[in-house]
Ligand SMILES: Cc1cc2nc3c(=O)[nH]c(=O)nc-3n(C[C@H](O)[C@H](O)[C@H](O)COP(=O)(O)OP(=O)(O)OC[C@H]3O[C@@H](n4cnc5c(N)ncnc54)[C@H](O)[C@@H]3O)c2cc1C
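Given next, in structure tokens, is a single chain: the form predicted alone.
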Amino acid sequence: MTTNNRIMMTPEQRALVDAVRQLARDKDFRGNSIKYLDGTYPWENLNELAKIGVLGMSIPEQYGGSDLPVFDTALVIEEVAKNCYATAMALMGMLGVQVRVISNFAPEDIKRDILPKVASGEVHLAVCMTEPHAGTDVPNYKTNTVIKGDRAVVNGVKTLISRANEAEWFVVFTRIDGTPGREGIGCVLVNRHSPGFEVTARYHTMGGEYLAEIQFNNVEVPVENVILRQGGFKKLLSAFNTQRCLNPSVSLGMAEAAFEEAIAYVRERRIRGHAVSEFQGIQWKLAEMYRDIEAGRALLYRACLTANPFPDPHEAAIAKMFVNEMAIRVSSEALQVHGGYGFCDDYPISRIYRGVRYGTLGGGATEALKDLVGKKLVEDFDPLEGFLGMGTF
């Protein structure tokens, strides 16, 4: 895997990944990851990442960031995820759709105020999309923002929201002035201290983090905080395609971690005088795990490289589908080769197996992405031109 990464990366990317890897080792991200199973937020890890500039990767240079490509961001998240699921998920929230929406679409005053603080780690962000009755079905969201002169008033409920107790600012996908359908979807920036903003429920997850329900009860914000108005749906989904590369980056990193744990365990574990790694059945499992990881890496890296500034939606969807499901298979097999020890929380593979299950659920469920890709194939595939006509290769 290291050899392939060196071929794919520029010297600058290699140096960036090496710096993150060394930091994770020095601060023992992997060893300390067990303490986040109770929902504790990994503030200390994020503060260390901020010191080496990681939290500013998605932010333009004029606002204190380094404005690096989606591919670089994915590489860093992959490396962090190999060591700590909770930190990788929190980092995705600092580098993903919310910061990219602000960087690309917010008014200049908002960019100057918020983005430098995000880059330094002073301010954390969250995105509010899912509603109790609608997840991927964005055009049927009910949360509504009414514009009244120089103010805007937000009402509605969002659920399964990450970092609800830690984030300072929330990018809220919302209907604008009650306009129906997808054309009515825009987004508004809400501060957690706004009157009427309330976290009404918290749900502890398999991976350890908390998700929350948030109510907006006549939350009033300056009209400038309405970042996108009616007709902003396409722009929002374009930005969201970044999430469909960063989410599987977490999965890829965790699959690699599961593979590494499996290799280490079968080398040390002995049965009837032989290391478990000597048995053909185990070697076949390892070969299949490695094959799947490398196939997923190729799909994900290709999708990341389409970003300009956001990834191609279909390449991102294909990569996300494969890598999310691959990571579940690989971590399951890695747990299996651990035997009963794999079921114990003291072993990292148990924590990896829990965390990796998130991937197919967040950022667009696998089933919804299959619909997206299948529809494109039916509409665009030319039997005469074949795959070359799709522009895939």
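In case it trips you up, residue 1 is the first one in the sequence shown, and so on. All values reported here derive from a predicted model rather than from experimental measurement.
This next part talks about the form predicted in complex with the named molecule, which is not shown.
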**Prompt:** Taking heavy atoms only, is A275 within 4.5 angstroms of the named molecule in the model of the complex?
**Reply:** no
**Prompt:** Is the gap between F29 and the named molecule in the model of the complex 4.5 Å or less for some heavy atom pair?
**Reply:** no
**Prompt:** With the cut-off set at 4.5 Å between non-hydrogen atoms, does A81 touch the named molecule in the model of the complex?
**Reply:** no
**Prompt:** Heavy atom to heavy atom, is Y358 within 4.5 Å of the named molecule in the model of the complex?
**Reply:** yes
**Message:** Partner absent here, but in the model of the complex, which of 294-302, 156-164, 317-325, 276-284 has residues with a heavy atom within 4.5 Å of the named molecule?
**Reply:** 156-164
**Message:** Please identify the residue among A88, A258, L252, C128 with any heavy atom within 4.5 Å of the named molecule in the model of the complex.
**Reply:** C128
**Prompt:** Exactly one of T179, N191, N140, T136 has a non-hydrogen atom within 4.5 Å of the named molecule in the model of the complex; which residue is it?
**Reply:** T136
**Asked** What residues in 207-221 sit within 4.5 Å of the named molecule in the model of the complex, counting heavy atoms only?
**Response** E209, L211
